[in-house]
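The chain below stands alone and is given in structure tokens; this is the form predicted alone.
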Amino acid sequence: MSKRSMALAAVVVAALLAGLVVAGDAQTQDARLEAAKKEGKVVWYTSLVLPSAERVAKLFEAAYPGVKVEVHRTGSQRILQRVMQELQANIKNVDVVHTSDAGHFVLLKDKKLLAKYTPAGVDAFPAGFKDRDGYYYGLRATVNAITYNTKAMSAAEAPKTWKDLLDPKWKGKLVTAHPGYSGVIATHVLALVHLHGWDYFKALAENRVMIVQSANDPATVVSSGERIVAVNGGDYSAYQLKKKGNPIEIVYPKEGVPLVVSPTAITSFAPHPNAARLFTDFTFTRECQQVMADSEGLYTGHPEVTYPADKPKLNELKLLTVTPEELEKRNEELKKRFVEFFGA
């Protein structure tokens, strides 16, 4: 672990000792920690990009020696598919599920596959980060933005709005992630269908857009120069690349940016329930949420988290939102229409 990560872990441990994480008296805390240690680990299925997920896991392990985090990272849609396939085979492996498709949690809740659990400290989170029945909560958030390669064009030449991407001059120069893989992109597609209708995507497809999987991929493709404009993708991925010196810039269209709140929940069949609750509480501490904002460029619902000066605050952006219920209801439509227009 790096010196910075060790320092962050020390801060988190200090907060834990100060009683900021686990509700109840010290005896209750000690009993749950001992129960979690007996379980030995928590199994986490997450769509958070792997380096970020591993950073959270290492911080937790530093705070709670004796409880390991088993990270399984893939795209949101594949996580849901894996959970359902494992259950059909009577395999109960996952403790905590975290994806960027809020509709998944409506489905899992309806199927009684989620445990009702309220992490310590989330009462102060905005309504959009909380399930009203207490089954899932928004761990993080990102917005979808346009990114472009700064070696290929100037800021003046870059597209400024979603409809600018329809200009024929971008033919063969664009890249998009896929709603059939990424919950971030499923949310993006639905938000823009609300804004501009399906005709927007039909017209966008005329520009022969390169198709990738994850919402993290478009920024990587743009920074490499393989394509010079990304028509979507979580802005946190582009932000991380930009901070590392890659030739990439982010555009937040004035007509609005889709807000993607990514929930987390404990499964009703969790094989390590005590460790799952301990880990869930940990991920919602101000300290852990601040790490996600500082090093990952993510947004959170925590009211005490501060953001880098070179990143817009959510209240400075026009946000396009969709409900988890509509996302779940229209999920198949989103994937089917996208394939219809883009051929993949």
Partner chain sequence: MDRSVAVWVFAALSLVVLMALPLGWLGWLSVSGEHGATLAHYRDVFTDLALRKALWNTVVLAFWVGLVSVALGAPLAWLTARTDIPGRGLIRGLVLASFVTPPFLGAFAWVMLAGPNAGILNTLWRSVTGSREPLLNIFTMPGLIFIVAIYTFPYVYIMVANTLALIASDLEEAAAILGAGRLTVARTVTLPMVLPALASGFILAVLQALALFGSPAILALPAGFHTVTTQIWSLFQFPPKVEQAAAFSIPLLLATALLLQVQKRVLGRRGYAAVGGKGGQRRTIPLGAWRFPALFACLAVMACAIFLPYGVLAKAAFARAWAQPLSRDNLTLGNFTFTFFEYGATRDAIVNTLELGVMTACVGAVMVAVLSYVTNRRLVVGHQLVAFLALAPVVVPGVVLAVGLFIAYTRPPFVLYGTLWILFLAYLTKEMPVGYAQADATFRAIPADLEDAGRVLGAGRLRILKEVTAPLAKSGIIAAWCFIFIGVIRELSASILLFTPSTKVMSVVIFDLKEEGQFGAISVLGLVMLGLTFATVALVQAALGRDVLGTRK
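Numbering follows the first chain given and starts at 1. Not measured: the values here are computed from a predicted model.
Below: the form predicted in complex with the partner chain, not depicted.
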property	result
Interface membership of R82, the partner chain in the model of the complex, 4.5 Å heavy atom rule	yes
Distance check, E54 to the partner chain in the model of the complex, heavy atom within 4.5 Å	yes
G180: touches the partner chain in the model of the complex, heavy atom cutoff 4.5 angstroms	yes
Proximity of Q88 to the partner chain in the model of the complex, heavy atoms at 4.5 Å	yes
Heavy atom distance at most 4.5 Å to the partner chain in the model of the complex, all of A35, K109 and H302	no
Candidate stretches 291-299, 305-313, 44-52, 278-286, one within 4.5 Å of the partner chain in the model of the complex by heavy atom	44-52
One residue of V251, L166, I211, A115 in contact with the partner chain, assessed in the model of the complex (non-hydrogen atom, 4.5 angstroms)	I211
Of T150, N274, S268, N93, the one that lies within 4.5 Å of the partner chain in the model of the complex (heavy atoms)	N93
Stretch 314-343: residues contacting the partner chain in the model of the complex, 4.5 Å heavy atom cut-off	E332, K335, K336, F342, G343
